[in-house]
Every structure is written in structure tokens, then in C-alpha cells.
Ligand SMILES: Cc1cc2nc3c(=O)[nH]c(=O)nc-3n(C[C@H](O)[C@H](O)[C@H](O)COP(=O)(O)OP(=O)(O)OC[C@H]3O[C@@H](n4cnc5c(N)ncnc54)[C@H](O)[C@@H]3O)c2cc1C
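This document starts with one chain, in the form predicted alone, laid out as C-alpha cells.
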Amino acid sequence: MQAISDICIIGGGISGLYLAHQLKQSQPGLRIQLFEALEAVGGRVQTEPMLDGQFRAEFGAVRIEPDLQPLMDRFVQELGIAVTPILSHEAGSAILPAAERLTAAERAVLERAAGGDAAWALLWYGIEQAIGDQWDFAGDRLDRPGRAADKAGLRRDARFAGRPLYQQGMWNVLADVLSHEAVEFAREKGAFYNFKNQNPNAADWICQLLDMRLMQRPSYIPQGGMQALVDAAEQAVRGAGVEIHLRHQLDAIVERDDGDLDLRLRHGDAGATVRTRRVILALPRRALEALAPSLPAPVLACLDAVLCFPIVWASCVMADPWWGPDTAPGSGEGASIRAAHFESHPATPGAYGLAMFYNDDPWCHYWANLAEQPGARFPHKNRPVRSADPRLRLALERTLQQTFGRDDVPRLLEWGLCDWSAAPFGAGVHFWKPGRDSAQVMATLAAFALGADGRAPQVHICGEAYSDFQGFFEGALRSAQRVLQLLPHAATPSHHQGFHDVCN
């Protein structure tokens, strides 16, 4: 391991890999080391081969939306990754709300949306009532000039019921403009990227939904599964000369008298200290909180600005599957799941099939309790996610029976799950809390000094958790871009110019 680095990146998820790649592209002479606590890079990407590799079960991120994720789409193209379009998104519910419990205006909304997604229509009716003329809904498009600045202004300045919108929870706002039936229906049956039983910052989430409503191009997945993205990024980063160190846990950051930093790392039972000029913490909230003794008080106050949203994926391979290549995603009705995705074997679709069940709050707690080792439910990428747990198998059999309305027992060959709320991640995704100024928090975390002596920033935090597009790769990359914009004058290779010469 090299003793001195220009930049150390802590965390080998998509934001850490992207940062390393972009820094090396712009300044090849930088000495960069990347440290990952787990046995492999990839963060919340987990593609697990099943049935001897004939299926690839996704236990983490499942798709890329090019309209929503232009930075991610560009990164995929830079890496030269072949992709496969996904024509179906989340399943829509066939259930309708009780008309007699809706207002006359809400019933009119459903009549105009006949045959479409009722929950989505009611949600947008509520948002339009809450925002009013503070946003041009009719003329909105993703490529509209000035749109990004307008969204930033909406986050900062929008008001509802006389109060700043960002100080209010999403469900509080909707409850003031929709009937109780419409609110409950939108929350329980909505097929959009949902936030069940969470109450995120209304301004931030509405701004994100403004993008999601304009998505038109189909999503896609890298050929070979989402893991192919991670593999390509890791290969590019290693090929550019970045040293990647696996199974290295950061325990502390200590500021030196000369302004450099000592990183105290743990590798198995051994300790190591690495000296660096700057460190980028590409980590989720829970991992950052573990570093609390090393972080200044203003930064610690920012970490609590986001909600941790649990997600559990459970998957199984079935012989003689009850679905075919054209089976649409399931909306989870009648079973203890949020959504279901089905795949058929490409050569023999009638012989084998893969079912993947997505679970958020509250169903994630049911599935997490079926793990073999409660408290250590994440496979850490070094143990097969496939399971022999009979309780999990029975739960999957029952879920398939409920989903397809059958009483016979499905023939399961392999099964397993992944709980992203377990250590070390602590969440599947994150949401901004009501009352927190996301722009101020992101600015604080993007660059700060450990001490209070006026030194130049040495530490940067990025990732999906503290971004303006949470829950997607795009948020992680936007957050990384924010850090990159603050690095150019300080990230000069050490053998070319001294750190203090650059910053002063």
C-alpha cells in the first residue's frame, strides 16, 4: 500500500468508482487510492448468478432510466457497456379507490385517467393543487432551458399554506389537498417510485417527481446484469492506475500539523495508516455516523437530515414456472410484497423462471425476519446470497401462491434475500427530512476542514444519501460532480506542486 496519496476515496460504490474514474480522466498524474470495507466494490449493486448462471437475480439496483439519469447514461456510454432495453416499469394496480369517498374533483380526475394509473393521476392532481402557479406544469420538459435553476428555486422558495414547502412533509401537504381516500390510495397502490410510510421533505420529493413524470425513453439494464456496470467501472479505474484496496474499514481521520490527513484503517486484525492530502467519503448515512468522532460538529448536525429507507429483495428460481416471457410485473396485491418481477429462461421458458420480490416498509420487516442470521443479513458479496433456510422457502412458496391465485406448491430450486437496512449500509435509499434545507446540507458536506483554524477543505462527502436525486445512481453521480467542481485547484499531483502552494 502506498504511504502518501493526493486523494483517498472511502467507499467503492458507484459514486466512489465514478469519482476515481473522472479524476483520473482529467488528471492522470494524481495518486488516488480507493478503500472498500467489503470484499468487493459495487455498493448497493448485487447481481447474483442463479441456476448455475442461467439467471441473474438483482438484489439491489435493477435499471437505469436514461431520461432521469443523464450522467449515469453518459457514464455507461463512456465505459462502452452493452445494454438491453426494459420496456415495462413498475406494475400498476387494477384496483380503484372507493368513488363515494372521493371528492367530485377527484372523481373527475379518475374519469380523465380511465384505463391509466389511477394512483399516479391522483398524486399529480394533489401536487398541482399544492404548487399551483409556482411551476409551469403544462410547458414543462426535461430539456427546457433554465429548468435546473427553476427547480432549485422551487426547492428553496416554494410555499404551501403560508409556510415554506421544504419545511413540510409530503403526506402532510397531500392530506391538505386530497381526500383521505385519495391519499391512502396513492400511498398504498401507487406504482411510481414510492415512499410508503415515510414522510419525506415535500419540496425535495416534488422536485424529483417533476423529473419522473417526464420520463419517456425506456429503461435499460447492462447486458450481464447490473454487476456488469460495476465490473466495467472497476476495470477502467484499475486500468487508469487507481489502487483499490478491499476489506479496509476506515476507523478514524486525524488532521496532521501540516494540514495533511492520516487515515486510520483496519484490515482484518491489522491496522494501517495512510497519509493523504484530501479524503472523499463516498458513503451512506449509517457508515458516516460511524465516523462521528472524526467529524466536526456542523457536519455531524447535517448527517441527521435524511431518512433511512429500508429495502429487502427476495428471489427464487422455480421449475415449471407459473409465468411466461410476457408476464407483466406484479403490483403485490394479495401478498406481503410491494412489487414482483418475473423472468423466463431464454431457451426453455416453460422449464425455469426467476421471481424477484421487492419489499419496502412495512413488508421489508417481515422478510428480514426470515433471514438465517438476523442482524447480519447482508451477504457482503463474499457469501452466496442463495439460502437453504426453510422458513424463507415457505414464505416464497406462499407468496407465489398468493400472487398467482393457486393452491399447488411451486417447485423452488434456489432462493435467497438481501436486506439493505442491515450493516453496513443501513438503508436501501434515503429521503430528505421535512424542515431540512437540502441545498445548505449538500453545500456543507461537499467540502469542509476538520479543524477550526481556517485551513482549506480537506474532506468531502458524496453519495446518493445527500444528493438532489435520491434513490437513483444519478443522485450519487450528481453529488460526486459537486465534489469534483470543488477539487480542481486542490487536486494537483503532489509530485508537481505542493498542497499548500495550491490552496493558498
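Just so we're clear, the structure is a prediction, and the values are computed from it rather than from any experiment. Counting begins at 1, following the sequence as shown.
As for the form predicted in complex with the ligand, it is not shown, yet the points below apply to it.
Here the marked residues 197, 332 and 357 all miss the ligand in the model of the complex; none has a heavy atom within 4.5 angstroms. Picking from 450 to 458, 437 to 445, 59 to 67, 23 to 31 the stretch near the ligand in the model of the complex, with a 4.5 Å limit on heavy atoms, gives 59 to 67. A heavy atom within 4.5 Å of the ligand in the model of the complex is found for one listed residue only; from 429, 233, 280, 178, this is 429. Listed residues 205, 420, 166, 415 were compared with the ligand in the model of the complex; 420 is the one with a heavy atom within 4.5 Å. The ligand in the model of the complex is approached by residue 284, whose closest heavy atom lies within 4.5 angstroms of it. The closest heavy atom approach of residue 349 to the ligand in the model of the complex falls outside 4.5 Å. Contact annotation for residue 424: at least one heavy atom lies within 4.5 Å of the ligand in the model of the complex.
Taking the partner from elsewhere, residue 19 is found to have every heavy atom lying beyond 4.5 Å of the ligand in the model of the complex. Applying a 4.5 Å heavy atom cutoff to the ligand in the model of the complex picks out 35, 36, 37, 38, 42, 43, 44 from 23 to 58, in order along the sequence.
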